[in-house]
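Given as structure tokens, the chain that follows is alone and in the form predicted on its own.
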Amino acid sequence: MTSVATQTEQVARTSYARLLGLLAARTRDLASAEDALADAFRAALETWPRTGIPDRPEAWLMTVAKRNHGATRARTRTARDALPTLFLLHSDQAAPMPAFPDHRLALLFACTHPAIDAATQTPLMLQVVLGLSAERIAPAFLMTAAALGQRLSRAKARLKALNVAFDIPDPADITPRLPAVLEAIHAAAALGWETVPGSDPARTDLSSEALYLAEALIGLAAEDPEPKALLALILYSAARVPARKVTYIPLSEQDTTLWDKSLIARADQALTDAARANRLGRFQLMAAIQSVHAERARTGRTNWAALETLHAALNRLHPTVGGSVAAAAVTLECHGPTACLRALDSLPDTATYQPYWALRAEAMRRAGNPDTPAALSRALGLAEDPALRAWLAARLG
């Protein structure tokens, strides 16, 4: 039973987003697609221990999910009241979307429906497309898992209450929805970058998934420079993975000889391609920041002055708490711990933001502040990644 449950969980991790994308494309109803797929996984846990895991588990799950959804539709259908969102295509083929290279990409755009609050769109995409739980998503949005879960539930309920069809936009109309999709792919990549031995195994494929989606997005929005810049950003970070395979190692302490030079070259090219449009954007600045860090592999030093300029530009264009903390980290190197602590003191809403406390502890340590262990303990308490927790615990010890 344990073996079947483990294998079912593995199928869920690797196939959930793809199956949900296919089913939602059929049903045009996100909530009912999720329900039908959840019922299919429950059926698998009940059936597979008796019958064995099928040769094509994804096909089995999809067949059961379609049957579940069809049964629900049949029970609720009336001539007058049938909801448009419960429309099920009768063909065995998925709904035609020739311009979208992948159903998951189409599903990302579907989650940006105008009826959904803009602040909810990115976490909704992370949950329904990439299969992340509210517990894993919430820290990135400085929220509790319970509060985020309620927000996501309200978003889905709103779609249903408004009888809004699960709408996949025409590719010609994706431009207004592009920033939210870029944000979701970037968030997925950021979660994946945390993956080292000992980390949550469910994160293993997030970076590669984000890389794939970023490349697919370039083909869909070829004239926009930001998808190219996002690809560069993901590649720069992926290039550093070999330097932290054993445990968590901060960027400034990584052995640059272990960085993947071919990925850095690909990132450089993607960033150059983005710059040709002469339309500066958030992800171009973020990629440029990573490009400066990548230069350390060639020059042996970090150009902190360039990083200070780029971070300042990024925070003017797209201010965020994370961006402000990153800028304060550069301030620490350029102007010392006192200036860094002043910058951190000016930031709001940081009580549960782990990088804030990690940086604060480092600035306090350099300043010789006796309260450093308290800040470091706060950072340790907020850290979820096992490798990062081990590194922080060693610093505290």
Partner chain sequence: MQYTILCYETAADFACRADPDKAGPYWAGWSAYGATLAQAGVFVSGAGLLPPDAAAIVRIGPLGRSVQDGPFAEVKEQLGGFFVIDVPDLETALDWAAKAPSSSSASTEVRPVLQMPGE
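Numbering follows the first chain given and starts at 1. Note that the coordinates shown come from a computational prediction; the quantities given were computed from them, not determined experimentally.
Although not depicted, the form predicted together with the partner chain is the subject of the following passage.
Proximity to the partner chain in the predicted bound form, defined as a heavy atom within 4.5 Å, holds among V11, L20, L382, L388 only for L382. T144 is the sole member of T144, Q269, T302, S208 with a non-hydrogen atom lying within 4.5 angstroms of the partner chain in the predicted bound form. Annotation: in the predicted bound form, residues T352, S377 and L396 each come within 4.5 Å of the partner chain through at least one heavy atom. Remark: of stretches 175 to 183, 144 to 152, 271 to 279, 286 to 294, the one touching the partner chain in the predicted bound form is 144 to 152 (heavy atom within 4.5 Å).
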